[in-house]
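Only one chain is shown below, in structure tokens, and it's the form predicted alone.
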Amino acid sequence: MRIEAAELFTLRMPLKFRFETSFGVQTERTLLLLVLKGEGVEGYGEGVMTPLPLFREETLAGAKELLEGALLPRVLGKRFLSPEDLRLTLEALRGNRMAKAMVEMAAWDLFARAAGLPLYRLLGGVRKEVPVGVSLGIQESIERTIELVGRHLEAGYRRIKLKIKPGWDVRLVEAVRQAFPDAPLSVDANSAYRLSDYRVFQALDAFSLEYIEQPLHYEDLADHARLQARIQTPLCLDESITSKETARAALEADAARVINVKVARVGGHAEARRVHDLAWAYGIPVWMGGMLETGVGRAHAIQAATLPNYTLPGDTSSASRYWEVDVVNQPLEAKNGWMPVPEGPGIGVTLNRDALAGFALDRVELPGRV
């Protein structure tokens, strides 16, 4: 496969609702979207980095510069035998996993489309629908949270994840658990706490949570292990897991008993599969996380979540929860807590070019060398 050209879009898309976490409030998403072109087909990749380095270190501006100046020039005009062959071309540049993932994921889509196969077939997926839950941001009141939990349980979602932060934790979870005694609940702190807050998590033990996600600093596996030793509820790591190596360190230390996999966070599909396989070997379940993706990133996540160790509901809920208009033509909608895997070639979606033009802040064309 020869990579003949690329398009790189900067998009700004309004969310349908205010989404608050311990990082702050989002009412829109600014993102990068990549199109790789070769031999009559296109492949798509989406960037999950944010304008400010809140989730991890990468930023949108830095990723755009790196893509235009270093990553894409290494692949444009060149032939590759496989997506893994392309990934190895980018290995000499350290870090910047989210930026490199855009290129690698677009390449997987490109190769799968050229083969006329759904991406999950190339990845080794084993199912045609995946279980999904929802992630609910911090609301203006506990009453409003309970209302939203009820609405999403009625819609059939198979796990409710509540965002928490200091001061918005035990009372919230207690109220939700009282209202819904049998609901599958988890919480996500996005690194908002310290080990000295361990009594908060001991109190949360009383509410039969499936897991507590990323309570402490994203680099601190030692304190996560210390916290896990003090509580019964399994800890799940998200921001801390950037590769198979960091996953192995976390599992060896008993700092995680569940892992949230985000394909872009770990550098692409190949590394996500390595994390999946490692966790499977340890007997640790994984689930597919979300980063408020458009239909491009969501479709990649759905395809990856077909692998056998994705045994817990992920965050790939219906796209219509987030966007009035998406950048893809195909609706990605869950039914009774199950998301169908798009069956078309590649990631199974095509770009809505009119919507793309409406959301675009910038578009760069990058031709390959002849």
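Position 1 is the first residue in the sequence shown; the rest follow in order. None of these values were measured; they are calculated from a predicted model.
The protein also exists as the form predicted together with a small molecule; that form is not presented, and the subsequent description refers to it.
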Heavy atom within 4.5 Å of the small molecule in the predicted complex - the one residue of N190, Q228, T246, N96 that qualifies: N190
Listed residue that, although the small molecule is not shown, lies within 4.5 Å of it in the predicted complex (heavy atoms), from P131, P83, G290, G267: G290
Any non-hydrogen atom of W338 within 4.5 angstroms of the small molecule in the predicted complex: no
Contact of H224 with the small molecule in the predicted complex (heavy atom, 4.5 Å): no
N260 within 4.5 Å of the small molecule in the predicted complex, heavy atoms: yes
Partner proximity in the predicted complex: K163 to the small molecule, non-hydrogen atom cutoff 4.5 Å: yes
Location of the small molecule contact in the predicted complex, chosen stretch of 116 to 124, 73 to 81, 292 to 300, 170 to 178 [non-hydrogen atom, 4.5 Å]: 292 to 300
Output flag, F19, F55 and D315 jointly within 4.5 Å of the small molecule in the predicted complex, heavy atom basis: yes
